[in-house]
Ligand SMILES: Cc1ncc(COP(=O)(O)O)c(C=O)c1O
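A single chain, nothing else alongside it, follows as structure tokens in the form predicted on its own.
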């Protein structure tokens, strides 16, 4: 963990070979990337010895902190027993089943119904790509194949793949690759501090913002809308 790192060498190799997402490459070429070398609890250290509070939790995914020995031990044991096997073709494995059952037990009720099934993926972007396929297939199976349109929010963030970036409402991402893909549209973001009207309370604004979804559904035709996607707390791009 404490092996010295040649920062200049790593930065040079990084510039030559590693493509970074959401990065200004001209600026990075001039100043070099910050090289993170180790982490513990809620802190990370760079190659120059600076201790940094990881307020982003990696990228909102290191929810229990770094250096958790029990997690490393569990991962080691599983890697030595069965590091991977696919779930295609009526095949399963014990940890995947046990985790699915646990997640189903923890899932809250929504509209009086509980979530009872789990579909695994490797990232949020991949998850939302799968969601697009699943929701459209769902309506196909119900005999309503015309229900294709998915509504998102301006400045919502749902990933950086073709479908994920389309579901999100970030214009800078839409400019990269002729996005959004067909049958995805957006409504305004519920951002009171920017879009609230003089004298309007947050509660009143919330009701007005909720009405934007109803207005969009009515404009498109309820028989054409497949789903609405939104972050519980919009934060990545607000």
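Just so it is clear, the model here is predicted, and its values are computed rather than measured. Positions refer to the first chain, counted from 1.
Note that the form predicted in complex with this ligand isn't included here; everything after this is about it.
Of the residues 123, 78, 130, 92, just one reaches this ligand in the model of the complex with a heavy atom at 4.5 Å or closer; this is 123. Of the listed positions (64, 59, 175, 195), a single one reaches within 4.5 angstroms of this ligand by any non-hydrogen atom in the model of the complex, namely 59. In the model of the complex, residue 158 approaches this ligand with a heavy atom inside 4.5 Å. Remark: residue 8 does not count among the residues lining this ligand in the model of the complex, judged by a heavy atom distance of 4.5 Å or less. The partner is not drawn, yet in the model of the complex one stretch among 158-166, 133-141, 106-114, 82-90 has residues with heavy atoms inside 4.5 Å of this ligand: 158-166. Applying a 4.5 Å heavy atom cutoff to this ligand in the model of the complex picks out no residue from 211-225.
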